[in-house]
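Okay, so we've got a single protein chain in two different forms coming up as structure tokens, structure 1 first and structure 2 after it.
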Structure 1
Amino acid sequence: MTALDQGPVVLDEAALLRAEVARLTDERDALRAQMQHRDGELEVATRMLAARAQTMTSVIDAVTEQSIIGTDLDGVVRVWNPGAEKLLGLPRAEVVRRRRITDFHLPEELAASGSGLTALVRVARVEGRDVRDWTYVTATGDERTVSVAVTPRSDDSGEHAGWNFVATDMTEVRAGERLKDQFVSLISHELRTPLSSILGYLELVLDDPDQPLTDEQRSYLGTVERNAQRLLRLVGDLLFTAQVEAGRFTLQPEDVDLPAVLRAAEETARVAAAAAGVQVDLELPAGGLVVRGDAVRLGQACDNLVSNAVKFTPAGGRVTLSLRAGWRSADGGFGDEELPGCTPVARIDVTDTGYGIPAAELDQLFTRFFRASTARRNAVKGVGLGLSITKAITTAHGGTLDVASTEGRGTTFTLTLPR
């Protein structure tokens, strides 16, 4: 074959090469344009992240009344705001990446709750948050009582990167509370002795066969006795709340027959309910239901709930006490059938058709001396101790106390106990 015969083949190959080069050139230009576009997007994203970080830093730095400390997974400090500097007396440069959060805690306090960082984050690791009192030690060695909110800290990719500790100095507040509790305890003790004496002499006078009383005298002294008993119960409640706050509240555990406890609560409330025109119903399981606990304290808790329900229900209303055995799931749900991960519980419901409680006040309901606005408007007697006492008793038994209420339609208190 001659060179002339090969000419078209060579020309075709050259054309193909030129076309391939052109295609590759177009792809290169497209890739370059795409890279430039991505570079622009990356620059914008970087500026936005920097601005967000600057905003977060400025917000954290603006907080001066709360200590905000952020740590990595090992507890090494990475965030230290002006509030932390003010509370603990150390500048940021001396702490960040140099100290651990546990350096500012009492070692014996940490040891009593676990060990090191684990003691601080154990609850938050399971529940996502935790708020409790701890003792911070300042640079000068002073001890400050702080309420610390612990939450997990995430990095920009959303991965768990450490912990946030937001602390509020409660030293003066807690000192004031202790003084108040000491005062309440002292006054209560001082009142109990003369009240016991008054009630003793009243009993002698009322039951003296040698000097019988007229009906009018007996009526007057009966009024005195009822009010003295009421005052004695109030003194007992004050003493109990002081014991709870001081950590001196103890239980006498035994097997407790819950149906018997509820029958006693219904019987105790029966006279007051009848006088108020309120019907009290009792719904108990066919078989017995026994839990481990303090029978006296559980009886006190049920008495408080039933008494409150009767007081909050106008004439013609109804109060229902019910008891059920069941299973509680990890998220707090209740069911009649055992499922994986559930724990056996006994559930007591006290439901009334009374005045109800405003939704905005439910969170304060278990606070000492708090009284709902519906109680004040309807002249319901009380000083606001019964529910806080019931909550303390329930918590001491490892149980929960919940409330659901609709103003004007009634309230249900649910006391759940492990069995």
Structure 2
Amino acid sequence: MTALDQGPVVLDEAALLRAEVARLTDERDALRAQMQHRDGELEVATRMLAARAQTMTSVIDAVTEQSIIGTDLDGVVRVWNPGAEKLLGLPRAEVVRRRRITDFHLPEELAASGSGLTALVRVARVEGRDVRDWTYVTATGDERTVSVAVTPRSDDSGEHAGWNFVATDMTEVRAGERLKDQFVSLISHELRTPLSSILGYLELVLDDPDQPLTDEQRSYLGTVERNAQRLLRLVGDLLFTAQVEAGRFTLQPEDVDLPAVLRAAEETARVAAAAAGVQVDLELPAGGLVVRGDAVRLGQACDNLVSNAVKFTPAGGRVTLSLRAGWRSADGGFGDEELPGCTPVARIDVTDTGYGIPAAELDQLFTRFFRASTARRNAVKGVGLGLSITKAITTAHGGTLDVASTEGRGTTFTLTLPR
């Protein structure tokens, strides 16, 4: 091959090289531009993350009345907000990564529910959350009663990474509740004791065969006795309400003959009903109807409903107590036949033809001390505890208490109990 022959080849190679350099240069510029774009995106993302973290931190740091403590899976503290600093008396720097959540609990309280961290998270591990009272021990050794909400904590990939403990100091609240409880017990005792004397000595005077009373004296002393009994019932209702509130209300379960309970309620109301000119009818099933429950409390519930019905019904009216067996559906419906998903129940209806209750007041009816406007307007006596007590008794039995009323036409209370 001649030199001339080789000339164009050299030129071609140089052109190819130049083209390649140009292509690589373009590629480099494109990559640089892409990198600059990614840099920008990264910066924005970093700023957003920092802002989000700052928001979270500022929110957690702004909580000064609740202690927020986050731990890892071993219970080592990773988050400690100002609320925790204030409640437990230790700065963040002394706690984070250096102390465990269990260091701030009463060891014997943890031991009673298991041991260590397991005791604290046992329920939250299964149910996803748990709220209950615990005792925190502060840096100075003080004990504080706290309501702690425990929830699992996840990391950025959604993996379970630890636990959150959000606590509210309830020391004063619980102390107040105990004080109220003691106060009610004290008042109850202090009222019952003089009432014992009043009723006891009245009984002696009324039943003394050696010194019979005149009809007038007997009538006056009967009024004294009736009012002493009324005061006694009020004391009992107040004490019972306090027990319900304190969660100390317990049932003494036994087989309860409901027709007997209703007959007793009718008998109890008979005198007052006759005096008020109200007729009381009893509709009982042919066979017996027995439920598992506390006979005394169920009697109290029925007495309350019947006595209310009589008090709410003007002269010439009627109160009907009916009992029947049936089935209650999940949506609260009632039927005589068994259907899938239904619960067998005993149903008690107390229906009156009285003043009724305005529709707008029905949802407040079971609130303590609530009195319907029709009760006040018609001078119906009472303090507004009977229905809240009846509701508490029904609920404790796993039953339901509902009301339907039309003002001016009457009211029906329906109580169902599992059978």
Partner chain sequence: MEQPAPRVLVADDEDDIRGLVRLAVRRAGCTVVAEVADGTAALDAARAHVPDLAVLDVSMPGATGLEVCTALRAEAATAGVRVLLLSAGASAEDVARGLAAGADSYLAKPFSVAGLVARVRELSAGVPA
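Note that the structure is a prediction, hence the values are computed from the model and not measured. We call the rigid core the largest set of C-alpha positions that still match within 1.5 Å between the two forms. All residue numbers here refer to structure 1's sequence, counted from 1.
Notebook entry, point to check: With each form of the chain shown alone, which structure should be assigned as the form predicted alone?
Noted result: Between the two, the form predicted alone is shown as structure 1, not structure 2.
Notebook entry, point to check: When you overlay the rigid core, is the Cα of Phe334 off by 2 Å or more between structures 1 and 2?
Noted result: Stays below the 2 Å threshold, so no.
Notebook entry, point to check: Taking the rigid core as reference, does the Cα of Ala379 move 2 Å or more between structures 1 and 2?
Noted result: No; that C-alpha moves by less than 2 Å between structures 1 and 2.
Margin query: After core superposition, I'd like to know whether Ala33 moves between structures 1 and 2 (criterion: C-alpha shift of 2 angstroms or more).
Written below: Moves: yes, 2 Å or greater.
Item checked: Core-referenced Cα shift (Å), Glu177, between structures 1 and 2 -> For Glu177, the C-alpha ends up 6.8 Å from its position in the other form.
Item checked: Per-residue Cα shift, Arg18, between structures 1 and 2 [Å; core superposed] -> Spelling it out: core superposed, C-alpha of Arg18 shifted, distance 45.0 Å.
Next item on the list: Quick one: how many Å does the C-alpha of Leu206 shift between structures 1 and 2 once the rigid core is superposed?
Entry: Superposing on the rigid core gives a C-alpha shift of 2.6 Å for Leu206.
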